[in-house]
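Listed next as structure tokens is one chain, alone, in the form predicted on its own.
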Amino acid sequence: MGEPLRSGMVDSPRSLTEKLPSWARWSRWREVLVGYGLILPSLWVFLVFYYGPALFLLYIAFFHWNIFASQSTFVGFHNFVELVHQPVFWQSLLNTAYYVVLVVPVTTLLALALALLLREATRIRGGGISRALVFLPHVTPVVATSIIWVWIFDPNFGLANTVLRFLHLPQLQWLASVHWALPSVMIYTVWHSAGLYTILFLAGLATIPRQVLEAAQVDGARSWFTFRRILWPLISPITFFVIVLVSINTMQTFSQIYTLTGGPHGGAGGPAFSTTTDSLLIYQTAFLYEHFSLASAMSLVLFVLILVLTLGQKFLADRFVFYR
């Protein structure tokens, strides 16, 4: 047997670079500079339109800032204290929590069920068409499809009440009802977004070796046992990714709520603030009431809530996610 390696016998990349001749080191640095030079335009756009506004938002959240004024006044945490005394803000947080608690599990479970069905459909003819139909709602514009769903939820002539009438069930007011307005938005959101997460689950299922499932079938494992003990643990990483992605997107939902509940002319967020989520209230506070500092404080609160939720999910993932 050879002599074991001693510390210092393996050269570090930096020491190897120092051993190169000067012309080789210059060539290496030139490649690095050229690489950064090529991505610099994209980085500049990213810094200007992403990090720049984020830092400016952090700045004006602690100031009394007016877009038409040349000076701003430092107010410290006054904007956050004012939020505490705003009943509409607390209502928006409750609506956001209600929206997230229902949409996230329903979307995740529906996407997983569709992925399992489409996985079986690949064995028959037309499986590709089925995938395209499932993914199609996600690639359609939110505003355009929301306008169609406004007609679907119309209490008098909408398709939803027509179906309920055909089934001899009580008809609903849908978007015109305080109790059914937000669930109506949830139905649209699940319909529009489930296709994307279905494709992600399909990608995760495709990585599972078929030999594992065949071995379970040979051993006499039933379908539920195979799913519970084999499929579910093996796709737990993609499940965690989907849950985090759905949670973040759901907490930032804006377009469908704004369009379905009336937009600028129909009192978006109604009726009686029943669909006013935090994202919608941020928009209204900034661009309708022109209180940009208060809207920035709301944005920071929403950011902290998303961060806490994501970290909590990460903590649970360390215990329940199985990485192969």
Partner chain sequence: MASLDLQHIVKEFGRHRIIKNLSLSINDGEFVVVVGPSGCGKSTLLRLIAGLEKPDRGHIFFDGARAEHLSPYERNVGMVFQNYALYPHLSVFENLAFGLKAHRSSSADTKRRVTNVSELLELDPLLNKKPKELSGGQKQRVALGRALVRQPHLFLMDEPLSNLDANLRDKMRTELRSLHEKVGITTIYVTHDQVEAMTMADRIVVLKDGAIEQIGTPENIYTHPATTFVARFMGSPAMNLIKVVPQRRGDHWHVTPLNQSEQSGIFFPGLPLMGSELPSVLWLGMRPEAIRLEPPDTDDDVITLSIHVDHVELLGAHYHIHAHWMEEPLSIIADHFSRTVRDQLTVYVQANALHAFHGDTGESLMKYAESEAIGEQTNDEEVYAASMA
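In this text, all values refer to a predicted model and were calculated from it rather than measured experimentally. Positions refer to the first chain, counted from 1.
The form predicted in complex with the partner chain exists for this protein as well; it is not shown, and the discussion that follows is about that form.
Answer option from 157, 74, 77, 225, heavy atom within 4.5 Å of the partner chain in the predicted bound form: Checked against the cut-off, the match is 225.
Of 248, 199, 221, 121, the one that lies within 4.5 Å of the partner chain in the predicted bound form (heavy atoms): Residue within 4.5 Å of the partner: 221.
Heavy atom distance at most 4.5 Å to the partner chain in the predicted bound form, all of 179, 273 and 284: Heavy-atom distance to the partner chain in the predicted bound form: none of the three under 4.5 Å.
Partner-proximal stretch of 89-97, 105-113, 160-168, 209-217 relative to the partner chain in the predicted bound form, 4.5 angstroms, heavy atom: Among the candidates, contact is made by 209-217.
Non-hydrogen atom contact residue 230 with the partner chain in the predicted bound form at 4.5 angstroms: Contact with the partner chain, yes.
is_contact(residue 322, the partner chain) in the predicted bound form, heavy atom dist at most 4.5 Å: Yes, residue 322 is a contact residue.
The partner chain contact in the predicted bound form: residue 172, any heavy atom under 4.5 Å: No, residue 172 is distant from the partner.
Partner proximity in the predicted bound form: residue 234 to the partner chain, non-hydrogen atom cutoff 4.5 Å: Taking the distances in the predicted bound form, the answer for residue 234 is yes, it comes within 4.5 Å of the partner chain.
Heavy atom within 4.5 Å of the partner chain in the predicted bound form - qualifying residues of 186-205: The stretch 186-205, when checked against the partner chain in the predicted bound form, contributes no residue at the 4.5 Å heavy-atom cut-off.
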